[in-house]
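Encoded as structure tokens, the following chain is the form predicted on its own, with no partner shown.
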């Protein structure tokens, strides 16, 4: 998942904690192997190489695509798992290499969930198009890991995959977990420390993936309808929600609102933090 992953367990029984860690680790690697766009043997690669031929998908993959379809509808097309083809033009490596507008434009016909034939569990992905579940995969993995942890112990657990995290409840002494939100370099906001006794946190932002050209910062958050970075988006959005999948979705949708991110989050009635 291209990030450090950890599980914190407050348990005096080291053997039980080690067994739980092994269970969670296997699940994280399973999800990585199944849904990574970088693995040749993943389900995602099988879909992307289908060349327009119908595929019957397994129940887990079908549920994720159902979720992606709902997100596309709720966002008015701003959230689109077919937008990964834009990485053929954009390389967010901190350089100043902004792609030519014509190159971006020629990719737009390959983007759009409405072009996909989807009647669960049957998928028809037009030739040349791709899906990318990176926008939901890590958060889904956090929720699955916590589900397994809860089944394996009654002791307090925190799952943290690259800063997206969820907890099973308060710590053994009744105190909440203390979680830090790191400030961004040159941002006006200072570091924040939150207390978390239930639910999950997820963060979306461009701290590590961006381009910088002539003083203009280009965020990796792309609008699939235009192929270009969302203007005036926050540098980072963190959302607290009941589970990590929901928190991650709301954080991403907020970034896609650009200048309206804070208003969008207020309308959702969730606790959130935006850094600009």
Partner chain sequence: MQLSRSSSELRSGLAAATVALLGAAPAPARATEATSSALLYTEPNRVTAFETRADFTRQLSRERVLRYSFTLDALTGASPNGALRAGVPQTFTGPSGTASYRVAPGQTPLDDSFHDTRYAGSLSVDLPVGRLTTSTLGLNLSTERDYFSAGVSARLARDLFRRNTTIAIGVSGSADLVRPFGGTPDPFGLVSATVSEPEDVTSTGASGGFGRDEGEGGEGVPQGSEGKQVADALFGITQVLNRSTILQLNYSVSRATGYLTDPYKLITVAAAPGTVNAGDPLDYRYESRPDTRFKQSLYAESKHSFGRDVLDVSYRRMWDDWGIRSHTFEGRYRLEVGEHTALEPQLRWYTQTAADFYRHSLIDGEPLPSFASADTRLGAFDAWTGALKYSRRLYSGHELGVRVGYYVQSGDSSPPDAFGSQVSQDLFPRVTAVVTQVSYSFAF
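Numbering follows the first chain given and starts at 1. Note that the coordinates shown come from a computational prediction; the quantities given were computed from them, not determined experimentally.
One more form of this protein should be noted, the form predicted together with its partner chain, which is absent from this view; the next part is about it.
- The candidate spot formed by 16, 67 and 172 is fully in contact with its partner chain in the model of the complex: every one of the three has a heavy atom within 4.5 Å.
- When you look in the model of the complex, the only residue of 97, 114, 154, 122 with a non-hydrogen atom within 4.5 Å of its partner chain is 154.
- 245 is the sole member of 219, 245, 48, 36 with a non-hydrogen atom lying within 4.5 angstroms of its partner chain in the model of the complex.
- Residues within 4.5 angstroms of its partner chain in the model of the complex, judged by any non-hydrogen atom, belong to 237-245 and to none of the other stretches in 36-44, 49-57, 237-245, 23-31.
- At a distance threshold of 4.5 angstroms between non-hydrogen atoms, residue 74 is in contact with its partner chain in the model of the complex.
- Although the partner is absent here, residue 270 is a contact residue: one of its heavy atoms lies within 4.5 angstroms of its partner chain in the model of the complex.
- Contact annotation: residue 106 falls outside 4.5 Å of its partner chain in the model of the complex, judged by heavy atom distances.
- Contact check for residue 143: a non-hydrogen atom falls within 4.5 Å of its partner chain in the model of the complex.
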